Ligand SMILES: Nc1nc2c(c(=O)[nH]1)N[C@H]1C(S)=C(S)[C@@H](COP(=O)(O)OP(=O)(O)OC[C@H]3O[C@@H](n4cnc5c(=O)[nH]c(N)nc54)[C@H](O)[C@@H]3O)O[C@H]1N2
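Take a look at this single chain in structure tokens; it is the form predicted alone.
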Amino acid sequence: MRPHAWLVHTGAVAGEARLPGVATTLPSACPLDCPDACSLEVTVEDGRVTRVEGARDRNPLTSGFICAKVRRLPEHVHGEERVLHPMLRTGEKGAGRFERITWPEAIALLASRLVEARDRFGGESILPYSYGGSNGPLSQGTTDALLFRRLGASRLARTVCAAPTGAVATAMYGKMEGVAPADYAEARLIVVWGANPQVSGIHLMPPIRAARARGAKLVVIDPRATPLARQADLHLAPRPGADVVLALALIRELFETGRADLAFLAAHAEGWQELRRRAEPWTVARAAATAGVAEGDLRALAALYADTNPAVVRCGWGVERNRNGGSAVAAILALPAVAGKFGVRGGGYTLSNSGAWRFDAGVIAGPEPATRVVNMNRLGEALTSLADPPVRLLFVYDSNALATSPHQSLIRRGLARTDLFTVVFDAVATDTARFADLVLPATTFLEHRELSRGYGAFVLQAAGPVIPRVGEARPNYEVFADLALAAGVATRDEIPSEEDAIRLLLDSTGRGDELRDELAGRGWATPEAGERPIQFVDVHPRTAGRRVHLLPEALDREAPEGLYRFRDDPATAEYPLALISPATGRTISSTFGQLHPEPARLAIHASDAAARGIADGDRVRVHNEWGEVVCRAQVSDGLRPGVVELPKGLWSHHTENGATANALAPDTLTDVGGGACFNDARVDVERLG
């Protein structure tokens, strides 16, 4: 049975269009949640996507190849799980029984529900729930924000990913641009920390290979022995949550051995003396023991990093997903400042380069009201406990909330509330859509206009639809505009056309004419600093005095006991194993999960499996106080003892009981930024008959 056999389409597909029966290759650009922002060549035949490949003539980083995920776009766009028309629930919530309605009926119904919720319970009873990592600036934060702001809805803290990293990068460096992927080829030392570019951001791999062919050393810091880690000169596999002490030990070693760049710190940094003081307790021996790595390996890394130039650190988002995530990211980003690694091509750090593009969607959405803020990582709590007023209308778009958010069982309980009206606006029938009262069909990026900006690659692209809209699917910009009009919170004159909206967004950067010329000419545009900026030469911190703030006051106040503090492992005797849920080469978050019917397996180290009488392929129960997952075991040497792994992006059909790793993830928050602590899940595993 396919993953969502409950989805039944009835009647003819309205508005279906056909192109002449000749295969045509058309340009597009990928906006999905990945650093690379690939340029695409899409083959279309009879109005259907038949093939997707990488282009060479626009984003130069793409270089003619793309990931296996995006190659499956034809199945995603035209698959059985595609939502083809608006649907209204007819059965119990979660049963997945719906009847087809028209778009005018759907808009009228939803607008009346929004107005009713505002008038009866207050605007804050409306909760929009979305995460726009796979959208461009036209689809996220424009007409949708206008609608919810004017209704006075609750605001959503979009913190499920990149919240701690974003807060730290902004406070320390003002989101200064990082080392460009192409410039990794110039490095003599590459440290990949909490990232796996072989499955996320694959276009970093050719520059890494080029650097290694020229003699560069590669260090990987990851609790798993990924294929890249197996190729590295040095692999450190710390306990999840202990990255901060490793980075602090490196900082201490730089100061203690006289290899800290005091001249750079004096000229360009603030707070370094206090950073040094806080790193002082973390000797190499103590940090290695705490993190569970070999002391000799940590000393070798300290020597390599101190003595090698250019050296670059690729800090990934895996580092932030625990109780110490913000402090860990801050300590890692402090390293190139302490060691003086800036000012040379291939030297410095890379986190997110999104700061290179400063669009202001407020030119369309208007000012943000001071309504209450709901942290998206606590959706279950918001749906079951929030009062004054309780959430009465939940609008889920650009998110498969049930599959991607922590404390899954509590979210499921909240979605089952009979007094909650839930809207799901998506291209495919997700797990969350089963619990919707109203399902609306969304376009994919191949069916609407969009701007695609890289947060790794320094590139901006504009793309239009390459196929007719599938079924009755409609784009975000258009649907939210219609809802704003129907709800009476905006007039037609207040909502720009898509073409005008793109013009306004480009103009909001202060470089509108220049960007338009580049897009019209070569098909892609670069930020003001160019496509390969050198840190502290072409770009500088966007902070007061252009200085690095190594101990930002706001973050230091926010973090429990202050920034750079290590909070102990939450493991207990009852739940001793750390569960991680890293990205894979199959999905982007949960996107494309419907294309993979194969059941998931729990990876477990041989020693942990033997202690529990578990053999490869056994049915197992993974459990803690938050929930349980029933699946098969995969005994592996690919991760350190004491750590088990379930992939990120699983759907309910991937496990026997319909629960995923997020059923075991607490809804606790990171030390700064209010981020998710997925990797703080502590579990035990038992063999089932």
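Because the structure is predicted, anything quoted here is derived from the model rather than measured. So that there is no doubt, residue numbering starts at 1 and follows the sequence shown.
Omitted from view is the form predicted in complex with this ligand, to which the following refers.
With the partner omitted here, the residue from G241, P207, G347, G456 that has a non-hydrogen atom within 4.5 angstroms of this ligand in the predicted complex is G241. This chain appears without its partner; in the predicted complex, the one residue of T509, S125, S352, T226 with a heavy atom within 4.5 Å of this ligand is T226. Not displayed here, this ligand is approached by I580 to within 4.5 Å at the level of heavy atoms in the predicted complex. At the 4.5 Å threshold, heavy atoms of G627 stay clear of this ligand in the predicted complex, well away from it. Although the partner is absent here, L602 lies well away from this ligand in the predicted complex, with no heavy atom inside 4.5 Å. Contact annotation for S327: none of its heavy atoms lies within 4.5 Å of this ligand in the predicted complex. Partner contacts here mean any heavy atom within 4.5 Å of this ligand in the predicted complex, and among 158-166, 557-565, 526-534, 261-269 they occur only in 158-166. Proximity of S154, N375 and H407 to this ligand in the predicted complex is absent: no residue of the three has a non-hydrogen atom within 4.5 angstroms. Contacts with this ligand in the predicted complex, taken as any heavy atom within 4.5 Å, map within 319-341 to V319, R321, N322.
CA of G133 to CA of A416: closer by 3 Å or more in the predicted complex than in the shown form. Pairwise change in the predicted complex: V168 and G133 C-alpha atoms lie farther apart than in the shown form, at least 3 Å.
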